[in-house]
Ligand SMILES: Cc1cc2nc3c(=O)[nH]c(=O)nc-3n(C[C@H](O)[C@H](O)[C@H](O)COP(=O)(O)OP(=O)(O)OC[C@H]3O[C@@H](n4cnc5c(N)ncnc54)[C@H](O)[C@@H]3O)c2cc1C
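In structure tokens, one chain follows: the form predicted alone.
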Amino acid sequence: MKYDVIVVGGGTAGCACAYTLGKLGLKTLIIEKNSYLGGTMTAGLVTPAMNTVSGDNTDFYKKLIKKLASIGGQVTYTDGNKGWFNPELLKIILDEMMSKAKVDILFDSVVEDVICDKNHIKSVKINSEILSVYIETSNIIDATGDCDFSKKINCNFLNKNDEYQPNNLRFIMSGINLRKFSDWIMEFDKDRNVTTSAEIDGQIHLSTAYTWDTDKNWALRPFFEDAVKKKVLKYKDTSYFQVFTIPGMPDSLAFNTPRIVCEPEINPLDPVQRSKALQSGRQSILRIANFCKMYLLGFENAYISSIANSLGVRVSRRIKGKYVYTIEDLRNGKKFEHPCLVSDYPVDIHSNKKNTSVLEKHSAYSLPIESLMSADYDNLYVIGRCISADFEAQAALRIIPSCFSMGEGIAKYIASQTNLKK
């Protein structure tokens, strides 16, 4: 059994990459540890995707949005963001798209062993309940998010022990009277940079937020302060609160919270720390859900309907690539001969301390294809949040549309190199 490309990890970047490879005629396999595709978008309940020009430039993203919209799983919000999607319906659409691109998938599977010849990867051994076999490949894509594959073959990395961002654990509440909540919150909070609402395709869609930072006069602040005083919430629960509606779920909200605040910050690569973060996050979710029912109109009959299966990890390992992309490259808008994406998303660094998070806006910038190439192996590529970039630059590049662009960009590069060899 041999493939042109094996994609290890069927998450955001991995799906875009595999689909594009398949459509370009390369024999492609996805190895996915979960029983479904989508990664942070499905297992992590990260919805909606952030709004950036990289989404407008990615064919895979455009196709995905169109397919989701056809089954009621996508809307375009009032700010023009097309990335409001339904995580459960996304699982179905991703399966369908991979099938049409003739991409093979092995679910519930991990890479157990790798055979290399010096700096060239020749084959990988798959371990699952139904299959244990070596599979040959011409190219490997590490789309695991944490560079798990690259770690297995002793690649060099850029990450430092003090370069972390707080993790979060997203969840969904259902049984909400969204019209009642929308009418109330729009009247209560007049700041349209924070709270917005609209009726789209017959469904109420909205977003609102609060943080413990004092740079804004948050309308919801008195409620959070009162809840802490009455011990409904712990102070750490108030660090970050953000909600979004979900297409096709007319009584539900997706929570981009809780931010799991710890001192020191959690190392997401440490299984003990990661396990404690999951436990802490679920306890916080219960408190936040109770807070919503007590303080927010429309939540009287609401309940927790889903908790993410995985932590929301913003940064972990980063590969040392043939080019290390820096924050100076981003700020200066440095041009490259072979860009794999163009984006304008801000440098977005969450902090576990009040008033120290960063949201630094810049004009459009590009990322070179060489930042997706391992410095240690000639046929290993890395996509997603674990690319070759410094800490600050990665904080701008880690979002869903940019990961889509990375996946599509490296797929087109590999296809072009494959054709040159034929």
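These numbers come from a predicted model, not from an experiment. In case it trips you up, residue 1 is the first one in the sequence shown, and so on.
We do not show the form predicted in complex with the named molecule, though everything after this point is about it.
Taking non-hydrogen atoms only, residue 13 approaches the named molecule to within 4.5 angstroms in the model of the complex. The closest heavy atom approach of residue 57 to the named molecule in the model of the complex falls outside 4.5 Å.
For residue 409, no non-hydrogen atom is located within 4.5 Å of the named molecule in the model of the complex, even though that partner is not displayed. Contact between residue 226 and the named molecule in the model of the complex is not found at the 4.5 Å heavy atom cutoff. For the candidate set 389, 396, 367, 31, a heavy atom within 4.5 Å of the named molecule in the model of the complex is found for exactly one residue, namely 31. In terms of contact with the named molecule in the model of the complex, the residue from 373, 46, 68, 26 that brings a heavy atom within 4.5 Å is 46.
Per the 4.5 Å heavy atom criterion, the named molecule in the model of the complex is contacted by stretch 106-114, the sole one of 323-331, 106-114, 197-205, 172-180. Contact residues in stretch 295-312 (any heavy atom within 4.5 Å of the named molecule, taken in the model of the complex) are limited to 312.
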